[in-house]
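Given as structure tokens, the chain that follows is alone and in the form predicted alone.
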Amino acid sequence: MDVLKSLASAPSVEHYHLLLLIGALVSIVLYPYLGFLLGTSYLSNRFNRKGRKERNALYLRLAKNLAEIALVNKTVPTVFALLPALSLLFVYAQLLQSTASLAVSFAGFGFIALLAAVILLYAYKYTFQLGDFLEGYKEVLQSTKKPGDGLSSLQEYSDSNERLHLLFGQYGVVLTVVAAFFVASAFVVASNPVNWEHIDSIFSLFLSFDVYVRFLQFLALSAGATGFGVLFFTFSWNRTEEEPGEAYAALVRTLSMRLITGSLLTLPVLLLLGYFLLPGESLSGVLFGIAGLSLGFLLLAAQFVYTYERGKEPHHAASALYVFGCAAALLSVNDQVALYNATKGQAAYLSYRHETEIEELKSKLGVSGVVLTGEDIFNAKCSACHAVDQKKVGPAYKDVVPKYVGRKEQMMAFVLNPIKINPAFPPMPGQGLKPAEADSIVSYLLRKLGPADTKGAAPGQTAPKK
């Protein structure tokens, strides 16, 4: 999948922010639905096998309903899972081009596994319905008691359908888990620049503690989405259908409450642990502010669940689902904030490449523009606050620039997006430079103040002539 990075074109600053917006929108849709799909398919398989073994009609009824909720038609998984997962793959390919990050590959594996999982789970759903039809047909044939009615052949076909049905469900759940793991892994790798180099294979991925914490976060979100969703679709979604019955309603409520309680107790802890594992450059006040707001929505969802449990009013179940959905949406947005913080330097480099490609295209077309040299920019903008060998409003260049020798991209990222580093000086305001202009001033300063050669000439001096 890394071939997508080589095919991607360098985005401009505006395109970079648009990519982050797209990533946030598709994450808001993908993560909750993928969690709901995983939860309902796993529980459907569990109750299906248990119901067949114990001949429990309630378990079989619950298993069938769970299989149909998340896969009500082909449009739902396509819009809420497959297209968002594919979009996220292309977003990572654009943002992480020219890096060693394997996030694109992991996102690609996740999409392929998800596509196969959806196909198998649909086969599981349809063989479930076919099994009910065959059972009813067998009852009709048995009631007629006619010789040579083909019951034995029908029984063989029914047994074959049941075996395939259970296999489809089992492998569908396994592939959904695999898809969720790789989607979570892709974010962990993309949002931490250290992991761009350290996680260089599937084996190092499995040894990463960050990945397992993120995957546990997803499982906690999945439990909550499943619990709130099953409660809502059973008691609030379509009130024109017949009542579920006391025994079935009690089974659904017990199952949902266990899932919701486990989710609300573990999700905040895992979220805080995940933020603790992020590097400093991925953190910001905005990230923690959105995290606090999402935790507030989780507490509000817990209050609605408590109110529903006491009064059994369907609209309280609906309110709980909506509030939990808001919390999940905020957590998805927070992921993109962390990704934005982690890729600021990468964004500056890509913007520079974009400007360079535009200038090359203009040159080929015979369109020329005014190009400022690094010295021009220094005299026009930088000299007001900086000098080479003495402190002014900002530090002396001779004390700062040599630290960036061999780190030109980092220096460009700082010039394009200044942040306060030295508490002894005020923060540097943004200069409104284009990436190409930032490259010019950085190259000029590095030539002027960097080491002249490998023989140890002092910064700012020329190498002695032989």
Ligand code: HEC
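Because the structure is a prediction, the values reported are computed rather than measured. Numbering starts at 1 and runs along the sequence shown.
Note that the form predicted together with heme C isn't included here; everything after this is about it.
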item	value
Heavy atom distance at most 4.5 Å to heme C in the model of the complex, all of 196, 214 and 274	no
Distance check, residue 422 to heme C in the model of the complex, heavy atom within 4.5 Å	yes
is_contact(residue 411, heme C) in the model of the complex, heavy atom dist at most 4.5 Å	yes
Heavy atom of residue 63 within 4.5 Å of heme C in the model of the complex	no
4.5 Å heavy atom contact, residue 30 to heme C in the model of the complex	no
Option touching heme C, based on a heavy atom within 4.5 Å in the model of the complex, out of 26, 67, 441, 38	441
Candidate from 353, 381, 253, 344 lying within 4.5 Å of heme C in the model of the complex - any heavy atom	381
Stretch in contact, per heavy atom within 4.5 angstroms of heme C in the model of the complex, of 386-394, 261-269, 81-89, 118-126	386-394
Heavy atom contacts to heme C in the model of the complex at 4.5 Å, residues of 53-67 in sequence order	none
